[in-house]
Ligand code: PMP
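The form predicted on its own is given below as one chain in C-alpha cells.
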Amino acid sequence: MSALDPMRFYSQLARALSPYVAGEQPQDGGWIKLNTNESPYPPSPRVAEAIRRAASEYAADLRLYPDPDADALRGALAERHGLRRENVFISNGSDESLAFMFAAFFAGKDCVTPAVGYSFYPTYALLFGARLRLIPMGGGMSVDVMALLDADAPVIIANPNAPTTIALSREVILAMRDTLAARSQLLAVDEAYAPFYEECAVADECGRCGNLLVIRTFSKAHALAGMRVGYALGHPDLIDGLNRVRDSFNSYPVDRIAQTAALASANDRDSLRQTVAAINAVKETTRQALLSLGFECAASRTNFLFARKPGVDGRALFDGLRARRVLARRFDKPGIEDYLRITIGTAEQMDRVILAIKDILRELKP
C-alpha cells in the first residue's frame, strides 16, 4: 500500500491559514529571553499564597468543574473598572476573547485594522470568514485614524499598538467610538498593554455605550502568562454575543487555579503599580541608551521597545543577539523587517543587552 500524504485531508480553510508563530521558547538556561513580552518580575505575592491554599485546603474541589462564569473574578474586575458583572467576560487568555469576538461580530462582514498590528487578527479573520482590510499606517508608524474611519467598517485596534508601541489618546479612541456609533458599527480595542499607559485606556467606558468592546489580559503587567487568563468588557448584549460563541463550541471555562490566581492578582493593585513602574523605568533607560547609539525608537507605551538602526540589517542584529544568547523578536514583513521588538527585562538584563548591541555594531561596522 502506497503512503498517503495526510495533508490531502486538509480542508480548503486549513490550507489557507497562516498560523501565528509564537516567539522561541528555549528549553536550556542561560538566555536573556526578551521575545515574548513576558514580565521580568514575578506576579503579586498574593498569587502564590492563593494557589497554595487552593491546592491544599480546596484540593477536593479540583474534582469538580470550575465556575463557568468565573463570578468572583468578574466581580473584582467590574469593581476595578467601574462596571457591573454583566459587563465582564472571562476567557482562557485574551486571544480567546479575540477569537470569540471575530466569530460573534465580524464573521461574514467587513472590518478594518491598522496594517501594522497584532498578527493574530488576520488569522482570526480568515478562520471565521471576516473580510479584514489592512489600512496603511501614517507617518512614523502611527495609526491613521482618519483612514480607518474613512473605510466605513467596524474597527479592531490594539491600543497601545503592538508591535509599534505607540498609543492613541483616550480622547481619540472615544471620538472614534462616537463616529462608529453613529454608523451602528463596532469599535473593538485590544488593551493588552494599557496597564503600562492607563492614560489611553477606555475600559471604564464599556458600560456607557453599545458599540465599544475592550479586551485585556493578565499575561503582561500582571505577570500571569503561564495562567492564560484574559477578559473582555462591554455592553451586556456584547458580552452575551461572546457567551453564545463560547457556549456553542468551546464551552471550557478558565480553570479553578487560574481563576484563583487572577483574582488574587486583580485584588492587589499596589503590586501591579509597582511592577508597571519598575518596567517603565527600565524601559526608558534602555530607550535612551538605544537612542544614543543612533537607533530610531519611539516612546513606548508598552512593556517592550520597537527599534531599528538606520543602515543596519535587522536580521544581522537579531542573529547577533541570538549568538550572544539574547532573544528578541523580528517580523519578516515589508516595512518593519529591520525593526526588533525587545521586551523589557530587569535592569541588569537590559544593561547586558546594550553591551551586546554595542559589540554587534562594532562587528558590523565597515
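Note that residue numbering begins at 1 and tracks the sequence as displayed. Given the structure is predicted, the values throughout are model-derived calculations rather than measurements.
If you look for the form predicted together with the ligand, you will not find it shown, but the lines that follow are about it.
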| item | value |
| --- | --- |
| One residue of D144, D95, E86, E205 in contact with the ligand, assessed in the predicted complex (non-hydrogen atom, 4.5 angstroms) | D95 |
| In the predicted complex, the residue from V112, A103, A162, L263 that sits within 4.5 Å of the ligand by heavy atoms | A162 |
| Options 78 to 86, 187 to 195, 166 to 174, 127 to 135; stretch whose heavy atom lies within 4.5 Å of the ligand in the predicted complex | 187 to 195 |
| K220 within 4.5 Å of the ligand in the predicted complex, heavy atoms | yes |
| Partner proximity in the predicted complex: L242 to the ligand, non-hydrogen atom cutoff 4.5 Å | no |
| Close approach of L180 to the ligand in the predicted complex, 4.5 Å, heavy atom | no |
| In the predicted complex, A158 touching the ligand (heavy atom, 4.5 Å) | yes |
| Members of 290 to 322 lying within 4.5 angstroms of the ligand, judged by heavy atom, in the predicted complex | none |
